[in-house]
Ligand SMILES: NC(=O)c1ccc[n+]([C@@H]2O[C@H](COP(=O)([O-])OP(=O)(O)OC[C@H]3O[C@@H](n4cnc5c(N)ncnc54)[C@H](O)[C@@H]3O)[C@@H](O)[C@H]2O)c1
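Single chain ahead, by itself, as structure tokens, in the form predicted alone.
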Amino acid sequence: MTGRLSGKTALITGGAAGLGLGMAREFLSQGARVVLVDLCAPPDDMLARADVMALMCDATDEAALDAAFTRAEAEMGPLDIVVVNAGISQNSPTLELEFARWRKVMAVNLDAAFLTAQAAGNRMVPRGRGAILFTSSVYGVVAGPERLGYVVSKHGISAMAKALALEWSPHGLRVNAIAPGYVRTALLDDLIERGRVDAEKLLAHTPMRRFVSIEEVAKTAAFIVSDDASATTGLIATADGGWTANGYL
């Protein structure tokens, strides 16, 4: 299959569902081989593909993650692209936020991101090439109330992408982040249903007056990791329908 990612191998953490799965499907459509690293199994149609490998792994486990990278490269070839996507949300008033929940958000959103990026860098830097893409968030660009752990961790992701771009770009790597807005996923539907998110206010504040789709984020991600974006590094690319340009409501 030809496409802008033809011949490339991509590893995606948190790739079995949501945005990670959406990016995997888009990368495949553009010719890439894909390794999905997740605690859950991807859909059966992905498991049936010869150009997909699924590895069950906790991205906060350094040894397990390193083993997953090693197996991925042994069976699918050297990694050209790594998407640091595994993450969880945190949506509650700060006075009700238990420390254990805070630590879990930091472990999954920041610690796992560091470990994933380091595992990628250990392999890519010696080869002098590679593209790393972090999944940040609009809350890695601006702030909002009652989601302190998420805001802090996603700002950390954005900072990590910039810092590693400065450090690794001279070695031939490109490091960027994508900052999706409110994407219509099962997670957003759950937050709306539980009253944690006011859909009408969000849409009124979004210039495009609609939620972003998984496919739109995935297409943006595919461009950023492709050779067509060969001069792009240190970018935090929003895909939010103009939400951050309008500030926080």
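Quick caveat: nothing in here was measured; it's all calculated off a predicted structure. Numbering starts at 1 and follows the sequence shown.
Not pictured, yet referred to below: the form predicted together with this ligand.
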>> Can you work out which of A54, A222, A68, A59 has a heavy atom no more than 4.5 Å from this ligand in the predicted bound form?
In response: A59
> Could you tell me if G18 has a non-hydrogen atom within 4.5 Å of this ligand in the predicted bound form?
Replying inline: yes
>> With a cut-off of 4.5 Å between heavy atoms, is W168 one of the residues that contacts this ligand in the predicted bound form?
In response: no
>> With the partner left out here, check for me: in the predicted bound form, does some heavy atom of C40 sit within 4.5 Å of this ligand?
In response: yes
> Quick one: is T185 in contact with this ligand in the predicted bound form, heavy atoms, 4.5 Å cut-off?
Replying inline: yes
> Of these, 158-166, 123-131, 72-80, 173-181, which stretch puts a heavy atom within 4.5 angstroms of this ligand in the predicted bound form?
Replying inline: 173-181
> Which residues from 86-116 come close to this ligand in the predicted bound form, meaning a heavy atom within 4.5 Å?
Replying inline: A86, G87, I88, V108
